[in-house]
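Before any questions on how it binds or moves, here is one chain, the form predicted alone, in structure tokens.
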């Protein structure tokens, strides 16, 4: 299927590794020009060079902590300076700490909001005027299956990421007349640094080995395994394409059937 994405411009947040990197690579393979960003400058530059060498795509790498409003504004400004437009935004950020309600201070909640919710708000507010002017845009939020089925120990994520779903649904209605489509992707258990960290934490708590925990985490999934980053990226690329022209306001999990709810 021809996705109609050649020469589109995308910003992919938190893209030096994991789901962001896989999504950036998938977009580049379709001819999309990229801005990638993350806090880890050296890892970001390595990823940029890797994507260039594999795809020949234009890749602008900008160091950015997505919990910092001024740094997000710099990413968007440099993207416009480089490419003169932005068509696609992939909102993505690392997960907040693990713990129970009484483990967290108000400062912990504030940090989680800044990292996972306010970053999406800021990026969206910065790019929508350009998308609105061009009457074309795609905003895709990578969240967590926890927004549909809260996960024990992930209180901050369960709460804050759910706010992104409300934001996205509202934006999808407001900006649909300008052909700006807004959707959410909810990864389940996918092999990234985050799932590795959670597996180590669970292993310590339960007195098991890392391999035992990983095996158990995979066996809980109906397809019988933990997913791969590119399996999520495939959906992100489609939703960012011309072929997804009648899909907006949706929240789709990529979880191998892990979520038990009907919707």
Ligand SMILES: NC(=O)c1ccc[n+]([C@@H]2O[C@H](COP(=O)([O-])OP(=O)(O)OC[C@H]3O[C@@H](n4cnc5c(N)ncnc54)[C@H](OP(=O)(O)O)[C@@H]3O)[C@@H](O)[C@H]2O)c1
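Positions refer to the first chain, counted from 1. Here the structure is a predicted model, which is why all the values come from computation and not from measurement.
As for the form predicted together with the ligand, it is not shown, yet the points below apply to it.
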| item | value |
| --- | --- |
| 4.5 angstroms heavy atom contact with the ligand in the predicted bound form for residue 174 | no |
| Exercise: residue 155 in contact with the ligand in the predicted bound form, heavy atom 4.5 Å | no |
| Contact flag, residue 148 vs the ligand in the predicted bound form, heavy atom cut 4.5 Å | no |
| Residue contact check: residue 19 to the ligand in the predicted bound form, 4.5 Å heavy atom | yes |
| The ligand in the predicted bound form: contacting segment from 130-138, 175-183, 111-119, 76-84, heavy atom within 4.5 Å | 111-119 |
| Selected contact from 201, 230, 65, 58, since only one has a non-hydrogen atom within 4.5 angstroms of the ligand in the predicted bound form | 65 |
| Contact check for 2, 9 and 31 against the ligand in the predicted bound form, heavy atom at 4.5 Å | no |
| Residues in 178-210 close to the ligand in the predicted bound form, defined by a heavy atom within 4.5 Å, in order | 187, 188, 189, 190, 192, 193, 194, 195 |
